[in-house]
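Given as C-alpha coordinates, the chain that follows is alone and in the form predicted alone.
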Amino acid sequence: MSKVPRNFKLLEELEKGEKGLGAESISYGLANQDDITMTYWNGTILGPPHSNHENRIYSLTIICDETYPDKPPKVRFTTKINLPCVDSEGHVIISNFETLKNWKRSYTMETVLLELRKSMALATNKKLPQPVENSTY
(Lines give C-alpha, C1' and ligand atoms only; values in the text may rest on other atoms or scores of the structure.)
Protein backbone atom coordinates (compact mmCIF):
# COMPACT_ATOMS: atom_id res chain seq x y z
CA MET A 1 0.00 0.00 0.00
CA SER A 2 1.35 3.44 -0.87
CA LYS A 3 1.96 6.10 1.74
CA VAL A 4 -0.28 9.15 1.81
CA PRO A 5 1.94 12.22 1.30
CA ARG A 6 2.50 14.47 4.34
CA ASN A 7 0.54 17.42 2.93
CA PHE A 8 -2.49 15.29 2.04
CA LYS A 9 -2.55 13.80 5.53
CA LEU A 10 -2.25 17.24 7.13
CA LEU A 11 -4.97 18.67 4.88
CA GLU A 12 -7.28 15.85 6.03
CA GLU A 13 -6.44 16.61 9.65
CA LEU A 14 -6.97 20.34 9.08
CA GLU A 15 -10.38 19.77 7.52
CA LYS A 16 -11.47 17.45 10.34
CA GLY A 17 -10.16 19.83 13.01
CA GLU A 18 -11.70 22.96 11.50
CA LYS A 19 -15.09 21.36 10.92
CA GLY A 20 -15.17 19.94 14.43
CA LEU A 21 -15.75 16.44 13.12
CA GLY A 22 -13.73 14.76 15.87
CA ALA A 23 -14.24 14.31 19.58
CA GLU A 24 -15.91 17.20 21.40
CA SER A 25 -13.39 17.08 24.26
CA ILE A 26 -10.52 18.27 22.06
CA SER A 27 -9.88 20.72 19.23
CA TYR A 28 -6.97 21.56 16.96
CA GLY A 29 -6.10 23.73 13.99
CA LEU A 30 -3.31 25.69 12.35
CA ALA A 31 -1.69 28.32 14.55
CA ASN A 32 -1.45 30.60 11.50
CA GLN A 33 -3.79 30.18 8.52
CA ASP A 34 -0.97 31.40 6.24
CA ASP A 35 1.30 28.50 7.23
CA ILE A 36 1.42 26.76 3.84
CA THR A 37 3.77 24.09 5.23
CA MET A 38 1.13 23.18 7.86
CA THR A 39 3.85 22.86 10.51
CA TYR A 40 2.58 24.86 13.50
CA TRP A 41 -0.68 23.87 15.17
CA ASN A 42 -2.63 24.70 18.32
CA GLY A 43 -4.57 22.16 20.31
CA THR A 44 -7.02 22.27 23.19
CA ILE A 45 -8.03 19.58 25.65
CA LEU A 46 -10.99 19.86 28.00
CA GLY A 47 -10.07 18.27 31.33
CA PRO A 48 -11.83 14.96 31.97
CA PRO A 49 -14.64 14.84 34.55
CA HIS A 50 -14.15 13.42 38.06
CA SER A 51 -10.50 14.48 38.12
CA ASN A 52 -8.41 17.45 39.23
CA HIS A 53 -8.54 18.48 35.55
CA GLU A 54 -12.34 18.80 35.47
CA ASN A 55 -13.60 22.11 34.00
CA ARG A 56 -10.07 23.12 32.98
CA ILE A 57 -9.06 23.97 29.44
CA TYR A 58 -5.51 23.03 28.46
CA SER A 59 -3.80 24.68 25.49
CA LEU A 60 -0.99 23.03 23.56
CA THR A 61 1.31 23.71 20.64
CA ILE A 62 1.96 20.94 18.13
CA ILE A 63 4.79 20.99 15.61
CA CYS A 64 4.46 18.69 12.61
CA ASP A 65 7.86 19.09 11.00
CA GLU A 66 8.96 17.55 7.69
CA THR A 67 9.30 14.11 9.33
CA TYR A 68 5.57 13.97 10.22
CA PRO A 69 3.66 11.59 9.96
CA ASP A 70 6.57 9.12 9.80
CA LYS A 71 7.76 10.50 13.15
CA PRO A 72 5.55 11.91 15.92
CA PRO A 73 4.83 15.61 16.24
CA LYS A 74 6.46 17.68 18.97
CA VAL A 75 3.82 18.45 21.58
CA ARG A 76 4.02 21.07 24.31
CA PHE A 77 1.45 22.25 26.83
CA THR A 78 1.28 26.04 27.10
CA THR A 79 -1.10 25.74 30.05
CA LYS A 80 0.72 24.40 33.12
CA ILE A 81 -0.10 20.80 34.00
CA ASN A 82 1.25 18.15 36.32
CA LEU A 83 1.50 14.82 34.45
CA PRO A 84 4.31 12.23 34.50
CA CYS A 85 4.71 12.55 30.71
CA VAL A 86 5.17 16.35 30.78
CA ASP A 87 8.45 18.05 31.72
CA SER A 88 8.92 21.27 33.70
CA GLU A 89 8.64 23.38 30.51
CA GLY A 90 5.45 21.75 29.23
CA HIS A 91 7.01 19.40 26.65
CA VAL A 92 5.42 15.98 26.34
CA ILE A 93 8.27 13.52 26.92
CA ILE A 94 8.22 10.96 24.12
CA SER A 95 9.69 8.15 26.24
CA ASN A 96 7.03 8.71 28.96
CA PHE A 97 4.01 8.83 26.64
CA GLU A 98 3.14 5.57 24.89
CA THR A 99 1.37 7.16 21.91
CA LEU A 100 4.48 9.11 20.90
CA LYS A 101 6.92 6.41 22.00
CA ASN A 102 5.19 3.76 19.86
CA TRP A 103 4.22 6.13 17.05
CA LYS A 104 2.41 4.74 14.02
CA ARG A 105 2.02 6.61 10.75
CA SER A 106 -1.76 6.12 11.00
CA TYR A 107 -1.91 8.19 14.21
CA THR A 108 -3.07 11.79 14.01
CA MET A 109 -3.00 14.91 16.15
CA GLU A 110 -6.47 13.90 17.31
CA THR A 111 -5.03 10.57 18.51
CA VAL A 112 -2.35 12.40 20.51
CA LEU A 113 -4.80 14.85 22.12
CA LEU A 114 -7.31 12.12 23.01
CA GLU A 115 -4.58 9.92 24.50
CA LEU A 116 -3.26 12.84 26.57
CA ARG A 117 -6.79 13.38 27.85
CA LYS A 118 -7.05 9.67 28.71
CA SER A 119 -3.74 9.98 30.56
CA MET A 120 -5.22 12.80 32.66
CA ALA A 121 -8.08 10.49 33.67
CA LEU A 122 -5.91 7.53 34.72
CA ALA A 123 -6.31 6.55 38.36
CA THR A 124 -2.64 7.38 38.98
CA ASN A 125 -2.97 10.86 37.43
CA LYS A 126 -6.48 12.15 38.02
CA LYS A 127 -5.86 13.29 41.59
CA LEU A 128 -2.37 14.73 41.08
CA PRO A 129 -2.15 18.28 42.45
CA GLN A 130 -2.31 20.77 39.59
CA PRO A 131 -0.81 24.23 39.13
CA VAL A 132 -3.04 27.26 39.56
CA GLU A 133 -5.70 27.26 36.86
CA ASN A 134 -4.82 29.23 33.70
CA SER A 135 -1.13 29.51 34.60
CA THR A 136 1.22 29.12 31.63
CA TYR A 137 4.77 28.05 30.86
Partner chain sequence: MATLPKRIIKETERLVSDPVPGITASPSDDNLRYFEVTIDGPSLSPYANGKFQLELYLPDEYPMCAPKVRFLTKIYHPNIDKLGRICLDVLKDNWSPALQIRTILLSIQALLGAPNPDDPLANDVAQEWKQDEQKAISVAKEWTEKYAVSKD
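Numbering follows the first chain given and starts at 1. Keep in mind that this is a model prediction, so the values were computed, not measured.
Although it is not shown, the form predicted in complex with its partner chain is what the next lines describe.
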**Prompt:** Within 4.5 Å of its partner chain in the predicted complex, do we find a heavy atom from each of 59, 91 and 94?
**Reply:** no
**Asked** Within a 4.5 Å heavy atom cut-off, is residue 30 in contact with its partner chain in the predicted complex?
**Response** yes
**Message:** Contact with its partner chain in the predicted complex for residue 35, defined as at least one heavy atom pair within 4.5 Å: yes or no?
**Reply:** yes
**Request:** Answer for residue 7 alone: is it within 4.5 Å of its partner chain in the predicted complex, judged on heavy atom distances?
**Result:** yes
**Prompt:** Is the gap between residue 11 and its partner chain in the predicted complex 4.5 Å or less for some heavy atom pair?
**Reply:** yes
